[in-house]
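Take a look at this single chain, the form predicted alone, given in structure tokens.
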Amino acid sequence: MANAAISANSSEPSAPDGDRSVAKAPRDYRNIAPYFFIAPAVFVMLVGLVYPVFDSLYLSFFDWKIGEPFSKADNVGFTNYLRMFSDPDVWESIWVTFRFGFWTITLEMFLGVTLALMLEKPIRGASIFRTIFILPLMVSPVVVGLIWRYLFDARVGWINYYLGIWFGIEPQVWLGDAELAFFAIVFTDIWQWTPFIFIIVIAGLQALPSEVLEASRIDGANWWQQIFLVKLPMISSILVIALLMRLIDVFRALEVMYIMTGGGPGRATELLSLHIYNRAFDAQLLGYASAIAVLLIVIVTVLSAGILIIGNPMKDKSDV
């Protein structure tokens, strides 16, 4: 019986060699499906980010003014770059930007982390305080500039009014003095962006595993030890990302400073991004402004890479 079955099976015609591929399993497209989902985002980044960067790099080799055809622009080679490195106004703007970034980022990180630690626990009125802290982040930068320009006004500003009533301080020309104007833009940036640090840090603190915190309490860790030895180390990756994002924002800050001071008095508040704007649209030196923009990109890239290398937010994937 078995021999008969074997002979019957052997008598069936075999598929030709050319048709063996038909019997293969269909290709599994599930491995490449995620790339189709991220393709629109990649396309938007290429169009909105990568292309402008390379276009600015290309434009930096030309002497082109607004209103004339680009075909008539002169190719000046590295002249714009040589001019940029010998221009004291550029280096002064870089110094102002680094000084501005140091004070704003340092104080925003300190205040944001402090407020998050104070309001991480479910206390009465915590939701109200959180809402109040987040409100400045929802205001448009243009509106922020207008509000604080009015508040710092030497004649009708509320700051001079209440300083005179409460402390007897004479009215100050906040936006007309170099140091006071710099203090004004630093204070405004802290008011606007501290909620950003607050939101990120409090989200990280509330996501910490309760078992680890309970274990530290059992081991005898007090409140300060829990903060500096448990909580902050566990959200170190979040702090690094927040620092990196604020660093990038500092170098592209423009609207608030432009509305409040316009870079003045003198160049006391002219950040590098505002200096680029003034060179491009006030002086109509688009090629020269593009060369400075390339320098800004290089500075931000180097600083960002340094923060990622030193901080290394991916060194421990178990971090929150």
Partner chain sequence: MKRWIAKSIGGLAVAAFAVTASFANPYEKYKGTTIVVSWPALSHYGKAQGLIDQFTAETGINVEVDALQYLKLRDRQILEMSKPEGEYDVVTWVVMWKGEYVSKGLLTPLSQFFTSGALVDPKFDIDDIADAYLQNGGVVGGKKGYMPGKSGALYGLPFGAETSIMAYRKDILEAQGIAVPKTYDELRAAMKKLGEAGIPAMTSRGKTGHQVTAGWLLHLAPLGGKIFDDEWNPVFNNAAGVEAAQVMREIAQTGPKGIPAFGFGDAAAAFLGGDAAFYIDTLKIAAMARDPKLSKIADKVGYALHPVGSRCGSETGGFAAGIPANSQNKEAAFLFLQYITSKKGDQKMVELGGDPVRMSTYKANADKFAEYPVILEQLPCADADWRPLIPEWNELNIDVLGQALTEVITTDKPIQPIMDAAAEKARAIMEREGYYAWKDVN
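Owing to the predicted nature of the structure, the values given are computational and were not obtained by experimental measurement. Positions refer to the first chain, counted from 1.
A second form of this protein, the form predicted in complex with the partner chain, is not displayed here; the remarks below concern that form.
- Site annotation in the predicted bound form: the residue of 45, 53, 33, 283 reaching within 4.5 Å of the partner chain with a heavy atom is 283.
- Across the options 291-299, 36-44, 59-67, 247-255, residues that bring heavy atoms within 4.5 Å of the partner chain in the predicted bound form belong to 59-67.
- Contact check for residue 261: a heavy atom falls within 4.5 Å of the partner chain in the predicted bound form.
- Contact annotation: residue 173 falls within 4.5 Å of the partner chain in the predicted bound form, judged by heavy atom distances.
- Among residues of the shown chain, residue 217 is not one whose heavy atoms approach the partner chain to within 4.5 Å in the predicted bound form.
- Of the heavy atoms in residue 149, some are within 4.5 Å of the partner chain in the predicted bound form.
- Contacts of stretch 70-94 with the partner chain in the predicted bound form, defined by any heavy atom lying within 4.5 Å, are made by 83, 89, listed in sequence order.
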